[in-house]
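Quick heads-up: it's one chain on its own, the form predicted on its own, in C-alpha cells.
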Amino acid sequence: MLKPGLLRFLAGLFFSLVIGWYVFPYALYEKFEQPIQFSHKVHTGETGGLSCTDCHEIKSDGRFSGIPALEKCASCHSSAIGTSSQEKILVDEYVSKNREIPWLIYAKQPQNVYFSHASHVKLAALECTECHGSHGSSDSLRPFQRNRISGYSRDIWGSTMSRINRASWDGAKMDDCENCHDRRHVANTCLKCHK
C-alpha cells in the first residue's frame, strides 16, 4: 500500500502533467483561420494534377519560393473555374484586386535558423511528406495556431506538448532536425543551420 505522502505526490505529479500537456496549450496558443480555405487534394489530385513543386518551387539558384505568389494562382484563376464560395473570394478579393493573400505560415522558422529546401529536396531527395506529413493531400486548411509568447506557429513544437507518440513530421524543433540528421548520418554543426 502506498504511503499517503507518496500518494499525494503522485496525484500532484499527474495533475501537473495533465495541466502542462493538455490545459496549458489552450492558454498558450491562439487560433486564426486562414484568409481563404484551400484544397490541396483538388489541386494535386486527378482534377488538378499538380505536384508540390508546381506551386512551391525551388528556383534555379536554390532559393525556395515557399508560399506561391498571387500570380501563380491567377494563372489558372483569373476568373472562377469552379463554384465554391472560397474560389469566389479568391477571385473577387485577391486576383481581381491584384492583392497578395495574407497566408499564415505554419512552418516559419525563427530568424536565426537557416533552412534550405534545395539541399533537403534536391540533394537529400527527401519527399515533402517527410517534413510536412499529409498536408499536401488535405482537403482544407486547419487553423493556424500561434504561440502567444514567442509568436511562432504551433507546428514548430508539434501537436502535443508531451511529444509522445508523435509522427516524425509533427514538429520542427532543433532536436527534431538533429534526430533526422543522426538517422541519416549527416553532420550536426551549429553553423549548418544557424547563420
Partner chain sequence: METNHTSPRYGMVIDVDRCTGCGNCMVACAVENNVPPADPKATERTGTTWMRVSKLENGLPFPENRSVYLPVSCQQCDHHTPCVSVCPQNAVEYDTESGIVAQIPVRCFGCRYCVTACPYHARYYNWWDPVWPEGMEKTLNPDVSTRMRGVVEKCNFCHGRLQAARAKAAAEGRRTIADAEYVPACGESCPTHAIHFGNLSDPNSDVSMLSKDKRAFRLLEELGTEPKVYFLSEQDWVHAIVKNKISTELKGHGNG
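Between two forms, the rigid core is defined as the largest C-alpha subset superposing within 1.5 Å. Computed from a prediction, not measured in an experiment: that's the story for all the values here. Residue numbers count along the first chain shown, from 1.
Beyond the structure shown, there is the form predicted in complex with its partner chain, which is absent from this document and is the topic of what follows.
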Selected contact from Ile101, Ala74, Ala80, Ala118, since only one has a non-hydrogen atom within 4.5 angstroms of its partner chain in the predicted bound form: Ala118
Just give me the single entry in Ser134, Asn165, Ser60, Ser140 that has a non-hydrogen atom within 4.5 angstroms of its partner chain in the predicted bound form. Ser60
Though only this chain appears here, would Cys180 touch its partner chain in the predicted bound form if you measure heavy atom gaps against 4.5 Å? no
Mark Lys97 yes when one of its heavy atoms lies within 4.5 Å of a heavy atom of its partner chain in the predicted bound form, and no otherwise. no
Any of the heavy atoms of Asn112 lying within 4.5 Å of its partner chain in the predicted bound form? yes
For the stretch 162 to 192, which residues lie within 4.5 Å of its partner chain in the predicted bound form by non-hydrogen atom distance? Arg184, His185, Val186, Ala187, Thr189, Cys190, Leu191, Lys192
Superposing on the rigid core, do we see a C-alpha displacement of 2 Å or more at Lys173 between the shown form and the other one? no
